Structure formats: C-alpha cells, structure tokens
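Shown here is one chain on its own, the form predicted alone, set out as structure tokens.
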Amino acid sequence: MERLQKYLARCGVASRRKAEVLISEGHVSVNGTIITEMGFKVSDGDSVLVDGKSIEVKEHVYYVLNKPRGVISTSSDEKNRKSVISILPDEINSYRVFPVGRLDCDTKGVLLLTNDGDFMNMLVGPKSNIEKEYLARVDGIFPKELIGKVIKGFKVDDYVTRPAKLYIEEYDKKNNSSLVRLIINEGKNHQVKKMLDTLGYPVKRLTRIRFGSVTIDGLKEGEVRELTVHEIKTLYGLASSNNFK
C-alpha cells in the first residue's frame, strides 16, 4: 500500500504536491468515499477517482519540448491562453503529462514533460542543483567586469543567488545590445530575468538551451521528442547525487 498522493503522482495525475491539493480540496474518492486526509493509503486494487474519472497507473514517459514563445508552461489556464499541453500530439497527451518546472510565456527552449511526479520533484526541488543554460539578448553592452559578480553570487530581491557562470557571446553595438550565456543551478521565479535586470541589463529575448544534459539540438520550435534512456538515467544521476550534497 502507498499514500494516496504518491499513487496519484504515479498515475500521472499531477506532481505529489499538486496531488495533495487535489485531495485536500475534495477532488479524490477511493472506493466511493471522498478522501481529504494526506495519510490515507491505497492499494492497486482500490477504485480511485479524480473528479469522478477513474485513474490507473500508466507507463512513465519522458519528453523534451522546444517550447515556443507565447505558450504558457502549465497544463491549463483560467485565461484560456495556449498551453504547452494544448500543442502536444494526442498520443502524448493520452499519458497525462505535465511540465517539469516552468518557462515564462515569452521564453522559448528546453521544457521537460513527464507523467512521473517523483521524477519531476527530484529535478525541480530545492536540492536539485541541476544546471540550466540560457541564451539572453540583453539591452546594453554587458561589461566583463560584472562576470565576477555573477560567479560569486549577488542579492536579487530577498535572496542571494548561487554562484553561476556567465559568458559574453557577442556585442551588437549598432543596436546597443549583447548576447550572453548564463548557466545557473537553481530555478526561482523569473530568476534569469531578475538577475540580469538587477545588474542593469534587462532581457529582450530569452531561450533555455539546456536542462541538465538535455538540449533542443535538432528540434524546431514546437517540436517534441522522447528522452533517450541515457538522458533519463543521466538526469536521475544528477538529481540523486545533488540531493545528497
């Protein structure tokens, strides 16, 4: 037997944290009884329904999407904006996948998708420490003198960033802009934009080109592919090693 929220995550309904919300709000029933307690345990023989729909454990799947700009990184949206789930092929949506973390609506690039809630929590949890790499077109000519500040970490809002890496890829003096490559190992809300804005160089365009070992090489905007076995094992390895640091 296992806790209900873990079972829901294993079925691909949602991450374990989101599953806890569904339970507490009365969306889940077991054998005809609505369950709202977190400690409730179920077995594979129990009848579990979410909003009246029967669920069952499905094969875990893992994908990477080259997310286009203008698409939100949630499964649904109260404003009826286009979401990453809405642009996926039906055969992928049949597995009830959800995004691993988020990218801003106007940011494109690497976005992982899975129906494995435990896998997602390993990758985006506070201890994950997995590298994310971005290309940012910023307003202004970014000075080399600020690279050291990024490497050491600096205050953004109410926290100090972890040490990161920054490389200047090119200057566009005609349009007064710079292309910088930023590698971070944390994922706070709007972090890359806030970091560069705090340094005085607002982001004009942002692309995530790598998450751990996964890239979007060969993927056009809006295209999706399955992760290879090697990529999945590497992500598990990165997450596991970092969680024990």
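Note that residue numbering begins at 1 and tracks the sequence as displayed. Here the structure is a predicted model, which is why all the values come from computation and not from measurement.
A second form of this protein, the form predicted together with a small molecule, is not displayed here; the remarks below concern that form.
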Can we say Met120, Lys127 and Ala239 each have a non-hydrogen atom within 4.5 Å of the small molecule in the predicted bound form?
-> no
Any of the heavy atoms of Thr114 lying within 4.5 Å of the small molecule in the predicted bound form?
-> no
Should Lys193 be counted as a contact of the small molecule in the predicted bound form, where contact means heavy atoms within 4.5 Å?
-> yes
Although the small molecule is absent from this view, report whether Leu206 comes within 4.5 Å of it in the predicted bound form, heavy atoms only.
-> yes
Is there a non-hydrogen atom of Asp104 within 4.5 angstroms of a non-hydrogen atom of the small molecule in the predicted bound form?
-> yes
Tell me which of 143-151, 79-87, 96-104, 167-175 has residues with heavy atoms within 4.5 angstroms of the small molecule in the predicted bound form?
-> 96-104
